[in-house]
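Take a look at this single chain, the form predicted on its own, given in structure tokens.
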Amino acid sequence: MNFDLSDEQKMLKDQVSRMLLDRAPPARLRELIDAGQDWDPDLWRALADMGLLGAAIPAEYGGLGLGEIDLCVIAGEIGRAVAPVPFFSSICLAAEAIRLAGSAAQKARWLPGLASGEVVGCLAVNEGRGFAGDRLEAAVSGDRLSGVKWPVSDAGVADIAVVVAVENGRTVLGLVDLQGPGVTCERLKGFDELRPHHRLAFSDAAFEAMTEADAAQVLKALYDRAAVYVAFEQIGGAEACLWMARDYALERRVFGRKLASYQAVKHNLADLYVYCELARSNAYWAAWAMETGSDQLPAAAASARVSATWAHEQAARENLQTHGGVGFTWAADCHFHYRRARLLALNVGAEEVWADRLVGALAGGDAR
């Protein structure tokens, strides 16, 4: 089966790439960090004006009504540029959660704003260090939520949060207006200054339940889909590191020869190319499984997540090593990708978690 992109999707990829190259160059990333800004609102509006935020949101809710693969393509270019926008949190997590579990009224209320960029969302699941996912303490009583969630990506710029909590011993999913009473948000010190995380504290905050279905199963389905999107973001970042290292090796001269002429350098870069292509093949399979509703998605998503994490981390590290001492400086661009690679390695579960899920999916016969 051919999992390649269509001509239209390749055109979309090129358009997004050019726009991000123009609006989110490394110099702009440094400006934002120096100014202490968590994100780039102008870039967010530009993405919204192009319709990219609503790419996979149905047209009846203000989106373009394209497929999940189109959203994957956009996520890949976001990762390639290390774009300082809450795309993953708002579109790949919050909007996806509402699409999966929201009522018709909730979809009509929130999806148009998410598609237009006027509303920013986030997903609040974790509850601090050592959180295993089966020990929820944030609790709902009636329509009120109390508890703490941290770290929560992009909560500081979000308007709403999809929150996972417990009510009478069962897991529930609901929406919380982060601008409403009973909600406080504290910025945490993070490794990646362009993907901030926060601590959300709820004290009798209004909680709007989303689904009568088993929230744990909804969350599992959401994480399978999120794993595919983050895998594309990682592949975009890994490829950017590979080409950055290649270009530097072709330019840098050591002992009268180009750095790229040394066999050890060439072999390392060739290995990175293989890692990227292997991750891409797994990610394309997962994107196909997600868009077609295939029962192969659990195995495909886990496979994509594991291979993309490996490719991204190896590429970010090798990029630093290829640049040598200068690669560790603020003036070089390597650190943007290294920081993001370390962060994404833990996003929606570490590599070990997804390796276990892959084994479980294969053992359960979810993949063929």
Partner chain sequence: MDFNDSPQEAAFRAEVRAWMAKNAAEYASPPATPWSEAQIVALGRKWLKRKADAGYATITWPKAVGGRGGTAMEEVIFRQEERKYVLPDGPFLSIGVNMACPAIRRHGSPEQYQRFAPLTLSGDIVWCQLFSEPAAGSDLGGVRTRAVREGDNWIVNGQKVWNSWAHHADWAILLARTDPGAPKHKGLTFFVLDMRTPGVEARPIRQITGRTDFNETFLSDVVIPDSCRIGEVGEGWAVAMTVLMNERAGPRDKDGLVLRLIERARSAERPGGTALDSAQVRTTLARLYAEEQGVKYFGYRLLTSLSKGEPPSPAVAMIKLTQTHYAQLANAYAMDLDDFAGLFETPERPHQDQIFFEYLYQQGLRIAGGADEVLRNQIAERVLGMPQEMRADKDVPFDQIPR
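Residue numbers count along the first chain shown, from 1. Predicted model only: the values in this text are computed from it and were never measured.
Form predicted together with its partner chain: not shown, discussed below.
Check: Only one of G293, G128, P181, G142 has a non-hydrogen atom within 4.5 angstroms of its partner chain in the predicted complex; which is it?
Finding: Looking at the other structure, the residue within range turns out to be G128.
Next item on the list: Please pick, from L64, A48, L343, L32, the one residue with any non-hydrogen atom lying within 4.5 angstroms of its partner chain in the predicted complex.
Entry: Checked against the cut-off, the match is L343.
Check: Would L21 show up as a contact with its partner chain in the predicted complex if we use heavy atoms at 4.5 Å?
Finding: No, no contact at 4.5 Å.
Note to self: Given that its partner chain is not shown alongside this chain, does G36 nevertheless sit within 4.5 Å of it in the predicted complex, heavy atom to heavy atom?
What the structure shows: G36: no contact with its partner chain in the predicted complex.
Next item on the list: Could you confirm whether E277 comes within 4.5 Å of its partner chain in the predicted complex, counting heavy atoms only?
Entry: E277: contacts its partner chain in the predicted complex.
Next item on the list: Flag D356 as yes or no: does it have a non-hydrogen atom within 4.5 angstroms of any non-hydrogen atom of its partner chain in the predicted complex?
Entry: Looking in the predicted complex, residue contacts with its partner chain include D356, since a heavy atom lies within 4.5 Å.
Item checked: Option from 111-119, 165-173, 235-243, 74-82 whose residues, in the predicted complex, bring a heavy atom within 4.5 Å of its partner chain -> Heavy atoms within 4.5 Å of its partner chain in the predicted complex occur in 235-243.
Next item on the list: Using heavy atoms only and a 4.5 Å cut-off, decide whether all three of Q15, I57 and C185 touch its partner chain in the predicted complex.
Entry: No: none of Q15, I57 and C185 comes within 4.5 Å of its partner chain in the predicted complex.
Notebook entry, point to check: For the stretch 269-291, which residues lie within 4.5 Å of its partner chain in the predicted complex by non-hydrogen atom distance?
Noted result: Going through 269-291 in order - heavy atoms within 4.5 Å of its partner chain in the predicted complex - the hits are L269, A270, D271, Y273, V274, E277, L278, R280, S281, N282, Y284, W285, W288.
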